[in-house]
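Here's a solo chain for you in structure tokens, the form predicted alone.
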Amino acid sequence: MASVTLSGIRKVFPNGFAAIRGLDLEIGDGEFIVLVGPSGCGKSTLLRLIAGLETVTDGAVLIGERDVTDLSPSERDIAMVFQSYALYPHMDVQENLAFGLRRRRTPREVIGERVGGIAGALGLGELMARRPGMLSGGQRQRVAIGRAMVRQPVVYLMDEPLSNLDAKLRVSMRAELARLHDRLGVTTVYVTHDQTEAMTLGDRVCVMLDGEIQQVDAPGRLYREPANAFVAGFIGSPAMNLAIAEVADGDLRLGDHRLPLTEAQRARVGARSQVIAGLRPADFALRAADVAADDGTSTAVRLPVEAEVVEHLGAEQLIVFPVDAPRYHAGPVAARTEDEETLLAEPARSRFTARLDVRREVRHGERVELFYDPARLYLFDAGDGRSLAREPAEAAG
């Protein structure tokens, strides 16, 4: 096992595109860290730089205490698992598992011991004589993971290994990966665009955007204490509701809605005339009695809305309602034509989502009263999007 240190990493492609922009990251020995972010954020490029599949423009890559920046992938003592499985179709499972060891001229008895142990751990024992074409997607992915494991590298690098699997199989494979990491304790760098995977697998999660790290933290802290509006909007499902709010008389205005602030929040807002306001869908309720502050007291604020869309999901329901406030896009928005933008939503209006229980079903078009605790309101700077909870109150304004 070994730590991974990335120091001042830059990657600029020949066409001038800067995929990674001066990035620093320390990955602990035995840590499972997940790189997550939208398409094009640089997470897969960063993984390929660690692997040596791409050359670093500036900076250094250390695995343990070795500077591997200029070493080939085979000299770095890493193993990769890809989205595409990359199995040899003419070889059976046993031959695929043993291939890397044979190329290294590993003694036959060692190969047999390692392959047998990994096959047992991954439930592949009855499949050893089958070729990849005879396996399901989940079985093929287990073989790909096993092939990496038998090499006993100091670092595993995984590039969206579960994205080709169906939803149910992804859940079971996530649990399997977590169990294997607990057992083996090998440093693992895992790339995914799926924030659910990131939150359930990672000891820490590294959220990226435009080749830069936005926040590296434990999953729970990313959700509770996002460093900026992008992280707030990216982490959580459904996504946090975000809109540009006007500051008026010490409170916030979202169209016709008045959002009262606590004294601490007013101190954070300072002299700003606008902020980005955020509310988690799960922080809404249909009854004031169901909203309680962290100290157990009820401080519910009433928010009358019209249910524009209702999604019944069995144990819960999602309602979508309009808010007459400018929308805030957390991160890059996919290119849309002018007609598509008009169809999706009126440019000046936001759409908020509330995740509610089903004790009282809401109907499409119904006027309902929602309640939330003002202490759970997130506030971000309208200019750079940084969290106002992360700066001293006296510095605000």
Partner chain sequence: MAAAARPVRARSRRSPGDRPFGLSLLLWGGIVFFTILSAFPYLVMLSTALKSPQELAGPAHWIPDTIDLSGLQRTLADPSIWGYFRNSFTIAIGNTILVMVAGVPAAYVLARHEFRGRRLFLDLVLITQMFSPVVLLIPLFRLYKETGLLGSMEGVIIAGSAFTLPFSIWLLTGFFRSIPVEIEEAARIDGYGRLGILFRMILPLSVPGLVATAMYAFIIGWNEFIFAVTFLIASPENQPVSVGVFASIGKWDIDWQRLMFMALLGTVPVLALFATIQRQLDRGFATISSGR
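Keep in mind it's a predicted model, so treat the numbers as computed, not measured. For clarity, a rigid core is taken as the largest C-alpha set superposing within 1.5 Å between two forms. Numbering follows the first chain given and starts at 1.
Although not depicted, the form predicted in complex with its partner chain is the subject of the following passage.
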Report whether the minimum heavy atom distance between residue 147 and its partner chain in the model of the complex is within 4.5 Å. yes
Any chance residue 327 has a heavy atom within 4.5 Å of its partner chain in the model of the complex? no
Residue-level question: is residue 207 within 4.5 Å of its partner chain in the model of the complex, judged on heavy atoms? no
Please run the contact check for residue 102 against its partner chain in the model of the complex: heavy atoms, 4.5 angstroms, yes or no? yes
Quick one: which of 94-102, 208-216, 184-192, 232-240 gets within 4.5 Å of its partner chain in the model of the complex, going by heavy atoms? 94-102
Which one, 110, 169, 244, 86, lies within 4.5 Å of its partner chain in the model of the complex by heavy atoms? 86
Ok, 140, 257, 151, 280: which has a heavy atom sitting within 4.5 Å of its partner chain in the model of the complex? 151
On the criterion of a non-hydrogen atom at 4.5 angstroms or closer, are 48, 73 and 79 all touching its partner chain in the model of the complex? yes
Contact check, 204-221 vs its partner chain in the model of the complex, heavy atom within 4.5 Å, ordered by sequence, gives none
Core-aligned CA displacement of residue 91 at least 2 Å between this form and the one not shown: yes
